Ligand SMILES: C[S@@+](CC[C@H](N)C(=O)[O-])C[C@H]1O[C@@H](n2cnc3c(N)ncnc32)[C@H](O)[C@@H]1O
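To begin, one chain is listed below as C-alpha cells, in the form predicted alone.
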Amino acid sequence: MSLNKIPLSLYVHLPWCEIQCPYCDFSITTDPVNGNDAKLAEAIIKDISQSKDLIAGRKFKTVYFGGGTPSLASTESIKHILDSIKNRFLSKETEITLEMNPSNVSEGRIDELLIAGINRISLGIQSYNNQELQALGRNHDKESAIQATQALQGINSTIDLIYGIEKQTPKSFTANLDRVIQSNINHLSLYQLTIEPNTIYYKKELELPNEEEIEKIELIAEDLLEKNGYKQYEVSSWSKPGYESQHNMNYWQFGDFLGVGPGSHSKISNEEEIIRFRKIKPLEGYIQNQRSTDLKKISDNDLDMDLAMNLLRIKNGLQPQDITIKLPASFLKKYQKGIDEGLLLEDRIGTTQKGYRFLNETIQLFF
C-alpha cells in the first residue's frame, strides 16, 4: 500500500494530573498548569509543522487528546492546537476525542470544548463505588462520577471502567455496569487492573480478586452488556453499533500515528520501513525542543509480534483490505500454524473463539 493511503492519527499528550494514581505509569506531572498549557500548545503546533515529511500530505483520520488529564488545560490552548491544523489536516469526518476526569466536568465546560472542535469525550470514571475509588486512589467520589455521566447525555462519549480492583465483588461490579447502561452512553472501555512496574501499586501488597472472581466478573460483563445493545468489538472495548472508537481502530488495524507532546509515541511507515519513536518526557525540555528519541525500525520477528498484538485484538477479525500493510510471509507462516491449532481463522485475519479466550497464548505463536 502506498504511503499516502495509510491512515494517520494524531495523538496529543497533555501531561497534567491533579494526583498520581497508584496504578498509573503514564508520562505525567502533578505540577500546577500555571499557564504552561499555552506554552505547550505553541510547542505542539511547532512539532506538527516540523513533521511534514512524516505526515506526507495525509489528513488526520482521528485526533486524540490524552494524558494526564487533558481537561486541566484551558479550552483556549486546546482550541489553539485544533485551529492550527483545521484547514490543512482535518476533515468534517475527523473523530476528535478529549479525555476528562469527573472532577473537571461541567455542562459549561463540555459546551466550550464542543465549540472548540472536540466531538467525542472520554470520561475516566473507573468505578461508581466509593470503596473502589478509594482503593484506586482516585480524586473523585461516586456522586461526582454520577453527575459527570449525566452531563454527557446526548453527547458522543465513552466511559472507562476498571475491574479486578481491591474490595471489588461481582455484586459491586454489576452495580457499576448498571450505572453505565442506565446512562445510555454509547461506548465503554473495560480494563482489567494490571500492576505495572514503576507504579505505587507495584511496591504494595494488594488483595485483588482471584482468577475465579475475575472470570465471574467478565461473564457478568458479557451477559449484561450484550443484553443491553453493546457489542464487544475488541478485547477491552464495547459499543453500540456505529460508535466504535475510530482512533483505537486505527491503532489495531496497524495504521500510522503521530504523537506530539512530552513522552508521546509515534509509529510511521514509509516506502522502505516502519519506525517507532517517542518524544522526550520532561515538560520543560519538550517546550524548549520537541526532540525525538528511542527511534527503532520494526522488522522481521518484531514486526510479526507487533502485528499480532494489534490485529488479533479485534473480536470478529479483519479482511485483508482492512489492514494497512501487506502482511509479511513470516507472519503468514506463523498464522498458518495457528489455523492448524484451531486458534486462528482461515477466511480472515482473526482468532477463533478458543483463540480469543486464550489470546495471550495465541499471540505467543508470533514470537
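Heads up: residue numbers just count along the shown sequence, starting at 1. The structure displayed is predicted, hence computed values, not measured ones.
Keep in mind the form predicted together with this ligand is missing from the figure; the text below concerns it.
- None of S91, Q182, T194, S106 but one reaches within 4.5 angstroms of this ligand in the model of the complex through a heavy atom, and that residue is T194.
- For the options E244, D160, E132, E234, the residue carrying a heavy atom within 4.5 angstroms of this ligand in the model of the complex is D160.
- The stretch from 31-39, 63-71, 302-310, 333-341 that comes within 4.5 Å of this ligand in the model of the complex, counting heavy atoms only, is 63-71.
- Not one of T97, F257 and S264 comes within 4.5 Å of this ligand in the model of the complex, counting any heavy atom.
- In the model of the complex, K79 stays away from this ligand, with no heavy atom inside 4.5 Å.
- Among residues of the shown chain, N176 is not one whose heavy atoms approach this ligand to within 4.5 Å in the model of the complex.
- At a distance threshold of 4.5 angstroms between non-hydrogen atoms, R138 is in contact with this ligand in the model of the complex.
- Among heavy atoms of G117, none comes within 4.5 Å of this ligand in the model of the complex.
- Taking this ligand as positioned in the model of the complex, the residues of 19-41 that bring a heavy atom within 4.5 Å of it are, in sequence order, Y23, C24, F26.
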